[in-house]
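Let's start with one chain on its own, the form predicted alone, as structure tokens.
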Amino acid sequence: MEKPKRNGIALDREERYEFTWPGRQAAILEATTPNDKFLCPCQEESKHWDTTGNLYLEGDNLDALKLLQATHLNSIKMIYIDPPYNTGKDFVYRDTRQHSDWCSLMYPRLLLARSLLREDGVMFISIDDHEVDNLRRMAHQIFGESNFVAQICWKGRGGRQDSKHFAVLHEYILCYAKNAVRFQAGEEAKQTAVYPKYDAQKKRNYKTQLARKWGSNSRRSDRPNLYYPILAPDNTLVYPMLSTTEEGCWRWGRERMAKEIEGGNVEFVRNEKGWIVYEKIYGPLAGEQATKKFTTWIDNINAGSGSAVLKQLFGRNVFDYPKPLELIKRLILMSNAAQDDLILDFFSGSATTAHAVMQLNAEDGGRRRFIMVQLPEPTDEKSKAYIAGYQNICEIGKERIRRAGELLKANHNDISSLDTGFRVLKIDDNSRP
């Protein structure tokens, strides 16, 4: 049968968009190939081994993600990673990687990470301009485009004058849900909400805003179905008027308006020109905290604060460009991780995520747990970290968790139940004698 044509060009009905690169099939195979590794307990490097719910896995994160399939499938609420950015420099993972190799590095790890998430789980991925487009294409395929939640923009620094054309002062954090229908994002507290009026019948404070639409598309001609009369307390008809001569429209349809009036959620105020109709917006109940949605723009967390925290803990700079503690705390709150939810970071670096989990638990009484995964990448022999006795990144991360935990307990007298421990498990090879 002859294929259908458009403008003389044959069309392939089986043709569909697919993001690919040299080595994609091998990357998929790498994710599904079983390994011969196992987790070897290292009690002497752990803290509170018998009581802690936290884990520190030392080894290649691809091996770790495969091993976690057996124990943590569909059980993790939030994953955060800050993977190596593709800047043209060598990666520690496997070999030197340019674009195709970077995709091959990330694809199997994202595949495995998704399977670890709960149905209401979410993943955050830090990335810069070099690979943000490819990362989105990969994540769209793995998570599904409908599960893309947001591309958060983080302004973490002042303008970098070493950039070629413009002073770059931001990077991105991609957010994907395992199932966007099930994921419920966290919200942040409102600090300035004022509710000056009081509803004696409902015994709640409230504020008001116009029930009539304002701004753009607020004329009757814009939304004619939203222009209709409602009955005022004196049984006169009230229309949504922009002025004495210009007709406007309500913010709700007839059915919704009737329901809100019946529920006592509409206030009529009379002045010399007639009746003005307001919606009542109630404040939180006693003991509740008013909240608002987090935004996708973060501009109040400085990138340099990550180094400042490490310097406070260690007395010197032992890690280059650690992520800020407050940034990871913000993401945990955005994920809505609470109670004893589990948080995974499989490019854990200096263990900022572990520190953030403990810090947030100390602040709100939570019992969140963490799993950190890090390759024991050697530190440069000329670095301050090596000179201080830290021969690889894992040693820095583990020591940070120890020191951060002790500092938290010293600064909070009422957190005796705070879990500041962790079990160290090192990935080993079954073939070794």
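Owing to the predicted nature of the structure, the values given are computational and were not obtained by experimental measurement. When you see a residue number, it is the position in the sequence shown, counting from 1.
Keep in mind that the form predicted together with a small molecule is missing from the display, and what follows is about it.
Just checking whether G121 would be counted as a contact of the small molecule in the predicted bound form - the rule being heavy atoms within 4.5 angstroms. Heavy-atom contact with the small molecule at 4.5 Å: absent for G121.
With a 4.5 Å heavy atom cut-off, would you call N54 a contact of the small molecule in the predicted bound form? No, N54 sits far enough from the small molecule in the predicted bound form that none of its heavy atoms falls within 4.5 Å.
Would you please decide whether G349 lies within 4.5 angstroms of the small molecule in the predicted bound form, comparing each non-hydrogen atom pair? Taking the distances in the predicted bound form, the answer for G349 is yes, it comes within 4.5 Å of the small molecule.
Considering non-hydrogen atoms and a 4.5 Å limit, does the small molecule approach L39 in the predicted bound form? Outside the cut-off, so no.
Out of E377, E406, D380, D364, which one falls within 4.5 Å of the small molecule in the predicted bound form, going by heavy atoms? Selected option: E377.
If we take heavy atoms and a 4.5 Å cut-off, which stretch out of 208-216, 350-358, 233-241, 255-263 is in contact with the small molecule in the predicted bound form? Contact-bearing stretch, as computed: 350-358.
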